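As a starting point, one isolated chain is supplied in structure tokens, in the form predicted on its own.
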């Protein structure tokens, strides 16, 4: 079993990832700004700030795998990309595998097509900056990291979030950087996204790639 650190481990995606990893017997640490109202047994919760490099470094060094599930809004609005650049540097220095909870807009509708981020005309203007930051991170920053950093950027289907929670179906479909369209037109639920992400961690057969999960 692995020692898994989940950054943003009490958020929508992060809490589901923590629950799935713990249920499978992994040793899980959740680092977040706030502690949960109903903590999961056997999880180590650490209250802290992802912008605190010393705290990040200490937590990452004690892990086998780091999952970055930090929301690109709120306290990290405008700094999400910079924080993730720091996370990649620290993960590489510690020799740990890095999995990043990404966004849908960095995917493509078809092989060779422009990514969805190229046209945000149907997306509210107030979230354009966070979408562009997440897309730039996987398009520009991650490929430029040292070859020694083992990363996987995991995008969910469209409409993934607490506002459209969905149900656990116990299944998912895995694609590359071309979006897998949900069969029922809806988004993947957090529990099923977590199911797919922990499968990726346990199988360990994806390296330095962008993938996506959908129902």
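Just so we're clear, the structure is a prediction, and the values are computed from it rather than from any experiment. Residue numbers count along the first chain shown, from 1.
There is also a form predicted in complex with a small molecule; it is not shown, and the following applies to it.
- Judged by heavy atoms within 4.5 Å of the small molecule in the model of the complex, the contact stretch among the candidates 167-175, 58-66, 150-158, 37-45 is 150-158.
- Contact check for residue 21: no non-hydrogen atom falls within 4.5 Å of the small molecule in the model of the complex.
- The small molecule is not drawn, but in the model of the complex it has a heavy atom within 4.5 Å of residue 49.
- Although the partner is absent here, residue 13 lies within 4.5 Å of the small molecule in the model of the complex, judged by heavy atoms.
- Although the partner is absent here, residue 104 is a contact residue: one of its heavy atoms lies within 4.5 angstroms of the small molecule in the model of the complex.
- Using a 4.5 angstroms heavy atom cutoff to the small molecule in the model of the complex, none of 86, 137 and 143 count as contacting.
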